[in-house]
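Only one chain is shown below, in structure tokens, and it's the form predicted on its own.
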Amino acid sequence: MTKDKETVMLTMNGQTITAKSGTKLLWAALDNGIYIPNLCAMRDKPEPEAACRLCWVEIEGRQSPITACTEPVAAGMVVNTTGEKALKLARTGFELLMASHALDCARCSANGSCELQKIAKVLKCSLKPKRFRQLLRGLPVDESNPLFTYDPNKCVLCGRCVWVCRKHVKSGVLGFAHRGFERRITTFGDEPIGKDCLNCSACVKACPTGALTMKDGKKKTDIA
């Protein structure tokens, strides 16, 4: 029989919260109604992706901010999710991300449910980058799937779609290709996404932005 994990008590933003031992700070915060910006985190992944670099927090006794998705809770821990150092890192990461994002909120079907809009509001950042020169990739939009559209220009490379496609659907249609600025999510052999897709739409539901959207205008929350 597996022994239940111990419940620990910690302080976050002046609020006393509890969480199971071993729980990452990000999930402890979200479970207690404290939002920390994040894009790549998925609760059922054994190890965090830690790719978006947005979930910075400050911990009393630590010299530098750490990412909440990688740090487990500890009894007596004092955490600040809105510290000056943490917010500076998160804002810089967000602005860099948006510098290569094709911003088209008015015509995007994810408008109003996009995680980027939520993060911008929390961080008090503009969706349109001001400090960094915009570098757009200009990649073709893939309309080959009968149910959804894939626009790689709105992809933030969080990897959520890859994870659900491989681990839950067990299809493995999606994966990463290339490096650096050329890195993107694609299919084996760069085939159209509709060629081997099982049309389950799990990737659309997992996507935090407007990169994967239903053609019938259905919201991600309405996908079974």
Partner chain sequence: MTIPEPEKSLEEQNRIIQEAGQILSGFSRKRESLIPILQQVQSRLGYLPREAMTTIAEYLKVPAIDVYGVVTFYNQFRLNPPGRHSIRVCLGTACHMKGGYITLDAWKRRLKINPRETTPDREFDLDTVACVGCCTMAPVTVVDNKPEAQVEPTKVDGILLAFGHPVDTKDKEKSESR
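All values reported here derive from a predicted model rather than from experimental measurement. Numbering follows the first chain given and starts at 1.
The discussion below concerns the form predicted in complex with the partner chain, not included here.
**Q** Picking from 184 to 192, 41 to 49, 24 to 32, 61 to 69, which part of the chain touches the partner chain in the predicted complex when contact means heavy atoms within 4.5 Å?
**A** The contacting stretch is 184 to 192.
**Q** Is L174 part of the interface with the partner chain in the predicted complex - any heavy atom within 4.5 Å?
**A** Close contact exists here: in the predicted complex, L174 approaches the partner chain to within 4.5 Å, heavy atoms only.
**Q** According to a 4.5 angstroms non-hydrogen atom cut-off, is K167 in contact with the partner chain in the predicted complex?
**A** Output for K167 is no: heavy atoms all beyond 4.5 Å of the partner chain.
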